[in-house]
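First comes one chain, alone, set out as structure tokens in the form predicted on its own.
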Amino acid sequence: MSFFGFGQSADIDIVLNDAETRKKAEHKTEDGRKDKYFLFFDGETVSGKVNVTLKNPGKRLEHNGIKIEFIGQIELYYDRGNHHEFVSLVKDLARPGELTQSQTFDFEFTHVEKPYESYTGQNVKLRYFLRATISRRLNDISKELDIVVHTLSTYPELNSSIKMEVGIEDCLHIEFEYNKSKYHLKDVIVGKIYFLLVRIKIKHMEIDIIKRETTGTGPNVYHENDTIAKYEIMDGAPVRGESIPIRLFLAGYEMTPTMRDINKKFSVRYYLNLVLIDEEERRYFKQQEITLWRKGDIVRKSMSHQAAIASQRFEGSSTADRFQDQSKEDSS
């Protein structure tokens, strides 16, 4: 509503040039809902049109310039007043003057650097958006359009297996091994657990995937742990010499790539947490960090071939047949 002639006398709409063909991606909003946004990658051009529609045709709209910005920013929820911009590009669409009729302005941000993945977490939000503004003497008119950015990685050349031991002197000795330390978001964690010494009565065993979000620096560091997945390995008592295979499919879980020290503001890391519970409800656990990365939709044959070789090398000739049989059962 407009009082004393003030108020919004025009509507702004931002339309991307490839809106009909560009892929959309689901992204979680701050209130936990999932919405779909146009998906972009690092280095892609962002172009489109800004439509300015006068609400009162025939009535002039005086302005101090019209511009559009492409912004990448980080917002820490405990410091909401400060927005930390790591990308800020501006295009002037019109010089100061007046509009006598509705008008459309073209814009293009060429090969825009988008260094980080879009992220909405417990204490922090990283977003990219376009903002069109009509500057006015008393009240600006503006409109924002959010987009989502995914960061793609290549298949890691060095991807060593993880080997760890859990032990309590003279009571328990367990070795566990995972085939890799770096996994893409739709990967499968393949591993095995060996019971070398079991003198306590274990009744339950599981692997958890834990996401740890760290925000802030120095004395103002906040950690938020979130259990993404629980995978029951065993329900019942193991015996010495027993070996248990693990196959944990990541595709069904909501995860992001590992994000380390993003713009010196926050990190998101993932951990495999092996948990053992004995009959007296005592908990024994061992944690190991893993690296998650996002792979493009098109997978080169050489990549999948490398993955197959790495898996065979890990499983070894003695256990390869067992895992192949297991995978056949999974596929059937």
Partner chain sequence: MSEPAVADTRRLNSKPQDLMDAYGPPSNFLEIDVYDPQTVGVGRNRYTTYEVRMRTNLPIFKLKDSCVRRRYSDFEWLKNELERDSKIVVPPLPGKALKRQLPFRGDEGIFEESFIEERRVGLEQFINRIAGHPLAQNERCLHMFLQEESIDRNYIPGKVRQKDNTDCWSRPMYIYFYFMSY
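All values derive from a computational prediction rather than experimental measurement. Numbering follows the first chain given and starts at 1.
In what follows, reference is made to the form predicted in complex with the partner chain, a form of this protein that is not presented.
>> Can you tell me whether Gly252 touches the partner chain? I mean in the predicted bound form, with a 4.5 angstroms heavy atom cut-off.
In response: No, Gly252 sits far enough from the partner chain in the predicted bound form that none of its heavy atoms falls within 4.5 Å.
Gly191 near the partner chain in the predicted bound form, any heavy atom under 4.5 Å? Gly191 belongs to the contact set for the partner chain.
*asked:* Since only the chain is shown here, I'm wondering whether Arg131 would be in contact with the partner chain in the predicted bound form (any heavy atom pair within 4.5 Å).
replied: No, no contact at 4.5 Å.
query: Do Pro115 and the partner chain come within 4.5 Å of each other in the predicted bound form, heavy atoms counted?
result: Because no heavy atom of Pro115 falls inside 4.5 Å of the partner chain in the predicted bound form, the answer is no.
Ok, Leu276, Val50, Val268, Ile66: which has a heavy atom sitting within 4.5 Å of the partner chain in the predicted bound form? So the residue touching the partner chain in the predicted bound form, by this definition, is Leu276.
Tell me, which of His173, His150, Lys125, Lys143 has a heavy atom within 4.5 angstroms of the partner chain in the predicted bound form? Spelling it out, the residue with a heavy atom inside the cut-off is His173.
Please pick out the stretch from 214-222, 238-246, 90-98, 72-80 that is in contact with the partner chain in the predicted bound form, where contact means heavy atoms within 4.5 Å. Every other range fails; the passing one is 238-246.
Check all three, Asp11, Lys55 and Arg137, heavy atom within 4.5 Å of the partner chain in the predicted bound form: Negative, none of the three is within 4.5 Å.
- Task: Heavy atoms within 4.5 Å of the partner chain in the predicted bound form is the criterion; list the residues of 269-294 that meet it.
- Result: Contacts from 269-294: Leu276, Glu280, Arg282, Arg283, Tyr284, Phe285, Lys286.
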